[in-house]
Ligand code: HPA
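For reference, the chain that follows is the form predicted alone, supplied as structure tokens.
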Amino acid sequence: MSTHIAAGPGAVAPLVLMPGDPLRARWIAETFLDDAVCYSEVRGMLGYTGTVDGRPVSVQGSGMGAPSMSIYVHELFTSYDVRAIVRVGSCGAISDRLGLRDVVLASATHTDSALNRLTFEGLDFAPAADFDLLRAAVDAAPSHLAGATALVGTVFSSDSFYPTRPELGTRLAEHGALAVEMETSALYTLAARFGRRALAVCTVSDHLLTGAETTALERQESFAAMVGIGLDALLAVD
């Protein structure tokens, strides 16, 4: 039993979908899992386990930002022996190749987080997705998109939701970054540390170039394509 999840042995499945929003975790469990049972309500960060085609799958909220993501991912890997995690979250587009509700399959991440600087003492570690999960997600995407686009590329995992230096995001976009979010770098780094699989599948919830955005309820309950892609990828590689 871990400190922040506090689930009993066997309560968490080896395959985990990980949204940031705990209410999205509940929606995913109710919408996509059969016989879902809530295994954690600690600090309101909901976790559920059910089945998909008879195979156990869990959904665990992570909260916002790298520190919160790091806590839950560390405990999932070390206390519950989770083998693979797919983050299913929102992102802000910084590329004109993307529109609202398009999907980003994050091949690798850039970050301004101090977590990796402290760990690697200034070395520029490059957190990257598990290739098999990424390939499975690419294969699965067309059957879920219904008119939207899925792009593979890098994302910027920022420590600041309201950045004081937005020009840095612009500079990363000039070097091919597709979107900005706050958690993927931590997920990929911990997956590398513990020898597990990880992938981020993110839906564009707002566009930093055009100002277009979705509502809070839409972000919570209508980003079904990325969930379907994430589930297919998890089930394909395990």
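Not measured: the values here are computed from a predicted model. Counting begins at 1, following the sequence as shown.
The form predicted together with hypoxanthine (HPA) exists for this protein as well; it is not shown, and the discussion that follows is about that form.
Asks: For the spot marked by 161, 205 and 208, is every residue within 4.5 Å of hypoxanthine (HPA) in the model of the complex through some heavy atom?
Replies: Yes.
Asks: At 4.5 Å between heavy atoms, only one of the stretches 166-174, 31-39, 49-57, 180-188 reaches hypoxanthine (HPA) in the model of the complex; which one is it?
Replies: In short, 180-188.
Asks: Taking hypoxanthine (HPA) in the model of the complex as the reference, which of 91, 106, 86, 73 has a non-hydrogen atom within 4.5 Å?
Replies: It is 91 that has a heavy atom within 4.5 Å of the partner.
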